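Single chain ahead, written as structure tokens, the form predicted on its own.
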């Protein structure tokens, strides 16, 4: 048994970042983690491996569709699926070992095993109870499913199973048109699968800008993905090698069946809090099953905090990381801060999709007067040279003050471009501030500047 200033439960992006910052602030710190490797869902079966497969499959797409036009001629590469999975696994290993190194460097102890909280100030790991002045729950989330859909991670899979399929399926049905479903559906479509996305709502990526939604779905259709919208999945039937997906269209209650080799269930995620002992502790929960916390990320039980996917807000690794740093500051007696109005979201398909701040619909609902500056990547020289002219940048600014209220991008490197808008919003900048900042030529970032110019006197290259 050991005594610590803080013990974090979970080593995902929220947990490991929180631990490192706690240690940097002079606190004796430990992390309880039951996986064989650090990094949580994100590094092991989420963000990192999926990006490896997205990158590999995009390279295949470039070779098949764009190389010849650039004068790069020769036989198109074939897919060695086992080697691609090995590349993915190597990427995971490099990242998880990197976290181990950072723990050793910062003198963070790894308590190997699944943690629970028998009482305030105590964390139990493998029958050993450790004392902690503060406990931070960062146990993350797990995939959620639907009634009638039984997951076996072989034929009917979550994102975890989809990252390690034995072979590329001929037919894949994706249940859910959110970020995870579209990213992994995109991977398999590039690799040759016939991908059908079944979505309950009438638009992809719920909650995003309506114009982005329409453009995004249209772009993915061109890439060969089929969409069945407004469809309520009733059940799946699976054998050892095949599955059937039964769904009902909401518009007329008609019933339909799709055959598939693999069914990817991508209907969202839920907090992973099983076995923590929260009920016995009397920790308050939200109506949606999340841990309720105050502005300091502390629960109603003194000395117990929670961050990341187990609390309210978008289930994003970077949101968890920032909460981890903020909670660490609070535990160390400092002031933790996180601006929840400036948390970007990114979808790593091709083209990428990124957003920050308010959508037009949200501004309309709030009765806020706003203006729109928009610029197409077809007017961007770098994008045209790189076969990446699809998409646009849209910036929303206050009609009177010109202050930037949100931005929505679909196009090349959108996940990187969004951050200059994030920085601008963090400093309360106007669209004119961004427009008057010199941008290097030729870069994709010029499209962001042009959209900002369009909020004023007009874009130059529109």
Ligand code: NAI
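A quick note: this is a predicted structure, and the numbers were derived from the prediction, not measured. Residue numbers count along the first chain shown, from 1.
What comes next is about the form predicted together with the named molecule, which is not displayed.
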With the partner left out here, if you bring back the named molecule in the model of the complex, are 233, 266 and 347 all within 4.5 Å of it by some heavy atom?
-> yes
Partner proximity in the model of the complex: residue 391 to the named molecule, non-hydrogen atom cutoff 4.5 Å | no
Does residue 206 make contact with the named molecule in the model of the complex, using a 4.5 Å heavy atom cut-off?
-> yes
Quick one: is residue 168 in contact with the named molecule in the model of the complex, heavy atoms, 4.5 Å cut-off?
-> no
Mark residue 51 yes when one of its heavy atoms lies within 4.5 Å of a heavy atom of the named molecule in the model of the complex, and no otherwise.
-> yes
Ok, 178, 357, 351, 373: which has a heavy atom sitting within 4.5 Å of the named molecule in the model of the complex?
-> 178
Exactly one of 338, 238, 301, 146 has a non-hydrogen atom within 4.5 Å of the named molecule in the model of the complex; which residue is it?
-> 146
Among 198-206, 383-391, 72-80, 128-136, the region lying within 4.5 Å of the named molecule in the model of the complex by heavy atom distance | 198-206
